[in-house]
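Given as structure tokens, the chain that follows is alone and in the form predicted on its own.
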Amino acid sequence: MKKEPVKAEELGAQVRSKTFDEVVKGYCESDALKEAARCIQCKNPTCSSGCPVGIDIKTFINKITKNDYKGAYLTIREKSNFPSICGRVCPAEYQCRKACVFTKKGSPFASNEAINIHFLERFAGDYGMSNNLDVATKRDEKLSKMKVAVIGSGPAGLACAGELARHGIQVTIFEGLHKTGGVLRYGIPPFRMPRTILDFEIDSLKKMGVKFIPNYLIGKARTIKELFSDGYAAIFLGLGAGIPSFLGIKGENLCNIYSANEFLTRVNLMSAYKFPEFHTPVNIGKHIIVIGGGNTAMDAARAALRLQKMNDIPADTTILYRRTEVEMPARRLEIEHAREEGVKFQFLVKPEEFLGDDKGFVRKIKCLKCELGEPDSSGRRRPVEIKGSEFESDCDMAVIAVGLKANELLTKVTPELKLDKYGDVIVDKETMLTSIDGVFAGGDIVGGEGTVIEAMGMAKRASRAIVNYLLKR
């Protein structure tokens, strides 16, 4: 029998596009119970195989059906440190929901839409947060005397620190920025994840004994060797991928052309959307172009459109993408939300040149139309330029969101650290151990740009290996 999924409540597009308030409101208790009841409790659940940290999805959903929300929360926390965060930002349609039995061809249940696992995880996570539920620690007297340094406070660093703190290990997180959270704070806008959620999770780590030192650049203020000499028995590198990629086209250095990294950092971390309350201005154009097709491009476009509306500028924000919507790596939900809010899309378009005025400000963008050719190394069909298809569009502000590269601040001054051709740290995939004894790594600095939950999965593997490493010592 087909069971219709329960849709999470959302702010209306016209209302939300003028504010940075959270768009998706999540499930109330009755909606969570209805959605959880759709789960058929498979004998051999495949959904957990799609979760990078291996959450026992069947069990936590079953506990929700029995009104045991505390049990559901604690079940998730056995594997995931941040259910309220992951329930909001994980690309569930490519992970746990994709592995749901309802999606399997030939299954008698295939007519059903996959369970909204992420919304149920968020419901349980928010319940745990609102009720200040604690997770039991496994203090070990031997380990409690050990110190571990974690470099970077993004999802990998926070997850690794949380796992180590559960064992009673003394953990210190060093963060280069003035606020902690890494990409969770500077990259993801508040309309997708309110800052109160992130702050709660960080405060929880502090209660577990984790120390945070912001404004501290490891690689400049201190080296890896010096950290070892300071008494740290092991080190975890969660440096992230903080170096923006660019198009390499003429006019890219004109004024009012941002990397997505800079634009979102200004808006999210430095609260430019609250200017002049916060002293971080952003020059918002009348004709904004965002180049890219990932979640970062969606975040940048949706933030830019909001700033236009909040400054009484008629909304004109357009995303340019070289392929079609089918090939876009962004979450379907984010694409839908962007379109509902008024973001425009131009597909099969390749930027060729930015054109500026005599004062050095961008005024137009010159593009070529494309068609899809044979698949490339990514498995997606390669965009092929159509000769003679040049056209120009108005553009007085552009955001380039075509990917990020490894942060090299630490790796450049640590020649013993082996890197691949992309500048990512090479690790043992099982232990996440680098080429330096006692130094482990995870997150985007290892695998390139990935998801929050993928970074957490690597951090969990690393934390297990670190515990074993310390016990052997």
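Just so it is clear, the structure is predicted and the values come from calculations on it, not from any experiment. Each residue number is its position in the shown sequence, starting from 1.
The form predicted together with ligand FAD exists for this protein as well; it is not shown, and the discussion that follows is about that form.
Contact with ligand FAD in the predicted bound form, judged as any non-hydrogen atom within 4.5 angstroms, is confined among 179-187, 308-316, 363-371, 120-128 to 179-187. Although ligand FAD is omitted here, in the predicted bound form none of Val290, Gly293 and Gly356 has a heavy atom within 4.5 Å of it. At a distance threshold of 4.5 angstroms between non-hydrogen atoms, Pro91 is in contact with ligand FAD in the predicted bound form.
Although the partner is absent here, Ser84 sits far enough away that none of its heavy atoms falls within 4.5 Å of ligand FAD in the predicted bound form. Taking the partner from elsewhere, Arg331 is found to have a heavy atom lying within 4.5 Å of ligand FAD in the predicted bound form. When ligand FAD is considered in the predicted bound form, Leu217 lines it closely, a heavy atom lying within 4.5 Å. Checking Glu175, Glu341, Glu201, Glu163 against ligand FAD in the predicted bound form, a heavy atom within 4.5 Å turns up for just one residue: Glu175. Of all the residues from 152-175, those having a non-hydrogen atom no more than 4.5 Å from ligand FAD in the predicted bound form are Gly152, Ser153, Gly154, Pro155, Ala156, Gly157, Phe174, Glu175.
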